[in-house]
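Listed next as structure tokens is one chain, alone, in the form predicted on its own.
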Amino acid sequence: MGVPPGRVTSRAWVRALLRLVFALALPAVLVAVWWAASAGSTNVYWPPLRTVFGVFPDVWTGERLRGDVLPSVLRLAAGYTAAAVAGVALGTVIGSWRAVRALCEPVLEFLRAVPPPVLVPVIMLFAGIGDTMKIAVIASGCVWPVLLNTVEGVRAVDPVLADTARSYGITGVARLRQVVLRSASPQIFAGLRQALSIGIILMVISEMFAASNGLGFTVVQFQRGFAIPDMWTGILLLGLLGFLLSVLFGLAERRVLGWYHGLRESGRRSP
């Protein structure tokens, strides 16, 4: 006898409510601790949190959101997308052929060891100081986790599955899409998740060099003008932006990898 639909809906709501409580509990505690610890602060560099919250609406007006936040988000989206496309394409090629992998591996290990912020002056020489430089900096750092995870995901494709697909005549683009990329997609998404946080960091760093707008530029301007509470609001906004992008990424990942999460759930329930 099955469970009534109303009871299933109630359980789903209870689980969603519990997840929300768990997600908000620690941030609420940290904010409360910060509020209490800074309440009596007279240090100009460590203003009370209530002061930071008080100036937040005045700092981040609609004009500043259009002039600073939107350009930053667009640069991040462009660099991240370029890195995702290049990382998946190159990772698929390198992971599919052992000879290509052996040829590229020393170069990949060398390049991945170079910290992306070090490349900012070099990229500035070739790309100038405009948006192209900032997008290139973001892409140069985001591409590595995507590429390396794609290589490992393609390498780990089940050989029995590959042979079965070949015996059924599934080759070419259909094999790449239905077998290789589908099998490697969990690791590809793991790389994309790592790249997201790297992209936000590089977005801020790239905007600290020869920029005229953006979140990184604005935070530095507040710091140089000794507008310390305003500077803290920029840092909080960056954290909120990262949290929002993480939530959106999680929703997209759960939708694309629904089959994978379903398999894992079935594996946990099976005796």
Partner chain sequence: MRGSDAALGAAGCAVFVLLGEAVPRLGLVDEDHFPPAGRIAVALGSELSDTAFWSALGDTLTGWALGLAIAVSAGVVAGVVISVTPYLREVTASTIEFLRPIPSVALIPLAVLLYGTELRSVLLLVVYAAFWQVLIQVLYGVRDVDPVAEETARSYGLGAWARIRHVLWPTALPYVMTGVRLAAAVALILAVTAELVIGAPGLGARIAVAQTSQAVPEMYALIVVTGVLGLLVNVGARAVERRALAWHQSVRGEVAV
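Positions refer to the first chain, counted from 1. In this text, all values refer to a predicted model and were calculated from it rather than measured experimentally.
What follows is about the form predicted in complex with its partner chain, which we do not show.
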{"property": "Listed residue (169, 115, 159, 172) with a non-hydrogen atom within 4.5 angstroms of its partner chain in the model of the complex", "result": "115"}
{"property": "Heavy atom within 4.5 Å of its partner chain in the model of the complex - the one residue of 93, 165, 74, 124 that qualifies", "result": "124"}
{"property": "Residue 200 within 4.5 Å of its partner chain in the model of the complex, heavy atoms", "result": "yes"}
{"property": "Its partner chain contact in the model of the complex: residue 55, any heavy atom under 4.5 Å", "result": "no"}
{"property": "Proximity of residue 27 to its partner chain in the model of the complex, heavy atoms at 4.5 Å", "result": "yes"}
{"property": "is_contact(residue 111, its partner chain) in the model of the complex, heavy atom dist at most 4.5 Å", "result": "yes"}
{"property": "Output flag, 50, 61 and 181 jointly within 4.5 Å of its partner chain in the model of the complex, heavy atom basis", "result": "no"}
{"property": "Residues from 216 to 231 in contact with its partner chain (non-hydrogen atom within 4.5 Å) in the model of the complex", "result": "219, 223, 226, 228, 231"}
